[in-house]
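As structure tokens, one chain now follows by itself in the form predicted alone.
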Amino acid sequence: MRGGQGTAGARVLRFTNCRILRGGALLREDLWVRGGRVLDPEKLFFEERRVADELRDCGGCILAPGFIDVQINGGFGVDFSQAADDVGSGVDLVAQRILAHGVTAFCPTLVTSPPEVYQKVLPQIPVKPGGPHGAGVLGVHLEGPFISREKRGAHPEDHLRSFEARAFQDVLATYGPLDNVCMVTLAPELSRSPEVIRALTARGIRVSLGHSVADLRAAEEAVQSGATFITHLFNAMLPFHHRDPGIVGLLTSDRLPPGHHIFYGMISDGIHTNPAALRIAHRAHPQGLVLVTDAVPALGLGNGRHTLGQQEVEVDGLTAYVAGTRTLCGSISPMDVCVRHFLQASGCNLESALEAASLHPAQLLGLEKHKGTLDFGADAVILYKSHPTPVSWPALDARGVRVPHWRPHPSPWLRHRLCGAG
């Protein structure tokens, strides 16, 4: 039976001669796709008596789920924290450009800003699906302004706030409606933070701990209240100490709620985190590691002066600073570069590096049944890598159509490491 209307009548694509990332392993199996979903070929054959309408020989490529970036502040000259009248067009530009780097879904991130910025920008960034036009938007990540003055990093001190007076009502007064928000980063040591965390999570918003001087006890209380993520581990928090490891101690804490899983972001750009620290974190809690870019609007633009919200940023080589200081201010490394560096620095296998940028962020956001995986029924958003293509991971949309992409400089090492074996 072929033809018909709807998903059942859609064309069936069969990708052959490939290795599929599934269940933590690279399997030599074919991948079947129909109507934007990964198919179970046994059910297709035995229940529907159908075969593929089209075969695509992948030439030994790796097929992996699209990357998900849960912390990206902008890129290619677009600053998500600027109160423009056409924020949506800037988001669309970034969404299109990051496809070249394997990112097929992302959380536009706003740094600490005045209330009028949040209330103008947030309504302009709705959740939207991805496709050949660009990566999907999963919701906005609000990083600040409810963070520590001492560990504010590149966040402007003048716009920091607390919720001591009215708790969650202070949050609403600052941000406005939270309809388009999927994550909030806050400092758990702030007065009334457990109350605020419970209110946010009750609305389905993930809470992340960061830019904080919290000790381990305060961090554990935040997790017990519903927090599930740590923003850029090691950066903008108290350093690890053997008598009180602070937020870092959550990776091995035995005081988390039963069955509760903590995730943590890592900026693996070769600047923010020493390779030894990457290895320590990964070996302590590999299932929770989420690669993030923390990319700033200068991503893709090179040296010079740029913006990040209310701050001016200066890019010097591979590093972005708050202008006139040596304070790091986000990253200018795209996700495929972060994956490559993590693979090198951590010594993990390729499967683990890919899952840190796909499955783990999907699990963090509760989307693992549809994104970050190539299991049966998941969205068929596929990356493929083969020799001798450049460093990027070109993306296929749910119909198996290759989307246009912007090509970065080639990397012979990545070509060898990803495609050299068998």
Partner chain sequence: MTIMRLVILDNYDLASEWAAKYICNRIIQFKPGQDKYFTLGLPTGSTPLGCYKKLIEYHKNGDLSFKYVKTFNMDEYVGLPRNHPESYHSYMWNNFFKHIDIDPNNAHILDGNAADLQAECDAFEKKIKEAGGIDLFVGGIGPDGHIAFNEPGSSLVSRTRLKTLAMDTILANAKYFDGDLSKVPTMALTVGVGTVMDAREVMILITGAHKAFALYKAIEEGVNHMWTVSAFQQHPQTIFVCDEDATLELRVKTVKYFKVSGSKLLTNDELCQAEGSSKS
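Keep in mind that this is a model prediction, so the values were computed, not measured. Positions refer to the first chain, counted from 1.
From this point on, the text means the form predicted in complex with its partner chain, which you will not see here.
- The closest non-hydrogen atom of Asp53 lies beyond 4.5 Å of its partner chain in the predicted bound form.
- Though the partner is left out of this view, Asp57 does not reach within 4.5 Å of its partner chain in the predicted bound form, counting heavy atoms only.
- Its partner chain in the predicted bound form comes within 4.5 Å of no heavy atom belonging to Gly35.
- Looking at Asp375, you'd find every heavy atom of it more than 4.5 angstroms from its partner chain in the predicted bound form.
- Judged by heavy atoms within 4.5 Å of its partner chain in the predicted bound form, the contact stretch among the candidates 350 to 358, 65 to 73, 38 to 46, 364 to 372 is 38 to 46.
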